[in-house]
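Below you will find one chain, with nothing else, as structure tokens; this is the form predicted on its own, and questions on how it binds or moves follow later.
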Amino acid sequence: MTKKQEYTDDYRDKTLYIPGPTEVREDVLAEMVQPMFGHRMDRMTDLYTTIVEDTKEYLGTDNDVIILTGSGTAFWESSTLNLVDENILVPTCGSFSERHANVAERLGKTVDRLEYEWGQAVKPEDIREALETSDKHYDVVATVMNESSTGVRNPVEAIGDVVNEYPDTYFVVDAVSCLGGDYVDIDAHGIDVIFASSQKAFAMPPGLAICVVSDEAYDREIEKGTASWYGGFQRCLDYYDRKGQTHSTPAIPIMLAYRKQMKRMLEETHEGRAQRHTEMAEYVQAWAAEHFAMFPEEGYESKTVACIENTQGIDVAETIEQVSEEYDMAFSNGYGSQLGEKTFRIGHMGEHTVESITELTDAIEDVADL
């Protein structure tokens, strides 16, 4: 049994280069210490309508936005409950896409996996073949946009174009580790549901789940007749239309931080923020090519999380520990038993820049004697 480990105040601050949470600006954190107010006050309406509408503007979408207290994981569950009667097609290419399939199975749905080797990307033509040849009707195709366990960025735009040819099949995208940093035109590619978490590329504290919902997905839930209570699209969106608030008590301090950060993101713009993330990704990929190798399939590298193949056989765990102790920087090992010491990961997301990422790679070079 786990024993209590008393939380103290003597931890050294570490600059975070992990796949999330990432660094949060001091002025954003400062927003969280405002005096508390009631979640049914006009002030809450002002706050919540601001962050919802600013998020819609930032993402350039006409679809509805839901922001709830919780992890993005909540929308794995709710999108499945809201949209799937029986059959769901889940392409799996890493830990998080496999977990999405597991969630659907635990909810009693029939899951067909389209399995890829870890490091490979989902191919739109394979989705088309699965939809055309299956003797089942799939209510949903569910794809991870950014498989942070392997550093793969799946081509959700092209996959969405394929799924759009099947009007009774809905397209759900887990963009937890990239939305807010990597650019995606949600409306143009018919993405019915796309969701993320605040602590990743949005560069906010953990605790909020952000979801964009199409009119078609909203209507589908109503037609289906059963849905998630907490994350039901109709319940959340109808309450917003009536009250401009959330149906349940939200994490108000984190929403205050969200408001501050979203204003900054609007100034940078969706396209500008995506360009900065692309520049960081290109830098890390070039550095990896010089010293190691990239793990993902070429041409499908993530814009927010680099998964680097340990071709030099360095002691990944020891390198992470030494960089942490000597430089107060934190990066990640490979995900799970499959990739453990075979890879390591660098989160280049949120408010990081090429300059701040270079500080980490210089530290890794020093510690690993590259």
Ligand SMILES: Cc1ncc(COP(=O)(O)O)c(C=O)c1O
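Everything quoted here is computed from the prediction, not taken from an experiment. Numbers follow the displayed sequence, beginning with 1.
Another form exists, predicted in complex with the ligand; not displayed. Remarks below refer to it.
The stretch that touches the ligand in the predicted bound form, counting heavy atoms within 4.5 Å, is 65-73, out of 310-318, 42-50, 27-35, 65-73. The three residues 174, 197 and 200 all sit with a heavy atom within 4.5 Å of the ligand in the predicted bound form. Remark: residue 96 counts among the residues lining the ligand in the predicted bound form, judged by a heavy atom distance of 4.5 Å or less. Not displayed here, the ligand is kept clear of residue 88 by more than 4.5 Å at the level of heavy atoms in the predicted bound form. Not displayed here, the ligand is kept clear of residue 179 by more than 4.5 Å at the level of heavy atoms in the predicted bound form.
Not displayed here, the ligand is approached by residue 148 to within 4.5 Å at the level of heavy atoms in the predicted bound form.
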